[in-house]
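Quick setup: one chain, the form predicted on its own, written in structure tokens, and binding and motion questions come after.
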């Protein structure tokens, strides 16, 4: 059975490039009808943090990328030691007693001489008595792998084709550090071999590691997996994706209000395509189309505007009820409503109608707070410069006076003291009544609708007027219109 693995290091959040690697491994495992293993590579004790591990797992679950088996390298330290002793016993590895200071000096001298840095094999042929003496003196040692320099290392990358390295450029490398922890390359090979991984799909920054790993696969007697290396993800300026391009981790995108289905859809298009012009699809619907060999070797360009476009499409697929539920956490986060307000029917009515009114405007869920904040205030907080110019028109006060009379007439037909719940159709009827009353004065079109909008919101742009009234409610609409009339009077407009 095909077995693939996604192996993040918990030294930071789930980066967008790492998330694409996870997605492609998931797609490959599903398309090959195999298993996906999640392996947390946390042998770097100084940098690995449990909260990063939890964050990575939470993000993978949010993306819907399930796995079949789970491992953590820190739980397998004993296994790495056993395999290292096996290489020592077979004389395929040796103890290196060189101090960090000596190794640093060696590197500096090699660079100064214009040479590539690699170990000079000083400890490679220590006699048994020398080794014993060093051990009795308590000298710290690392374990190095013996590299046969008289050969080439070749593998067929499923994406890039044939790749060859000269073993002479590698040098004897450390497999167990002086603190007893395995090196990255050694732990990866032991894990991939022990877990019977058949396909290794990872970033192109690991290509040079592959040469060392192939040597270890051979020496440990493991079957070598198929390798495939994904291209880098670059910003639109062609540089490596970084913080200066905006959000770079999945958790950051989630907090901004991107939907998981939009994120997986977009990530799948970075260096791959299901064919044709198809760009919007559920990721599970393209599993049968996914082939590792079809992944492009060219760098992928991360375009946040396209991601927002895709996210907006998925937002518009949501029902008002679904969208309202998704947006509530952002209203709470931005202190527009409280957690207790979720139990308030009037508040929930506003949110539901706002979701319906603003659905086409949203690119991310976090935008909902921007559109809704003014609707949770009893008053208009500010009149835009364009609105003030509308209020200066002689016809505007006529329209707003008429609008107020219509609203008050409707309000008086009910018991005083309550807010009347008007739906969009009922709200449209009120606006039509204003138009009918002003028909004789030939006030229509922009001269009619713009003053009504300004009197309710203080702005010249926004959702349809019936939506505005239905969100605000009749009582607050009256209050805002009166405020606008007072604003006209006090500012001599």
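Positions refer to the first chain, counted from 1. Everything quoted here is computed from the prediction, not taken from an experiment.
Same protein, other form: the form predicted together with a small molecule, not shown, and the subject of what follows.
I'd like to know if residue 479 sits close to the small molecule in the model of the complex, meaning any non-hydrogen atom pair within 4.5 angstroms. No, no contact at 4.5 Å.
Would residue 217 sit within 4.5 Å of the small molecule in the model of the complex, counting heavy atoms only? Result no; residue 217 lies far from the small molecule in the model of the complex.
Please tell me whether any heavy atom belonging to residue 202 falls inside 4.5 Å of a heavy atom of the small molecule, as the geometry stands in the model of the complex. Yes, contact at 4.5 Å.
Residue 363, heavy atom within 4.5 angstroms of the small molecule in the model of the complex: So residue 363 does not count as contacting the small molecule.
So which of 300 to 308, 183 to 191, 274 to 282, 82 to 90 is the stretch with heavy atoms within 4.5 Å of the small molecule in the model of the complex? Contact criterion met by 183 to 191 only.
Of 160, 118, 206, 289, which one comes within 4.5 Å of the small molecule in the model of the complex, counting heavy atoms only? In short, 206.
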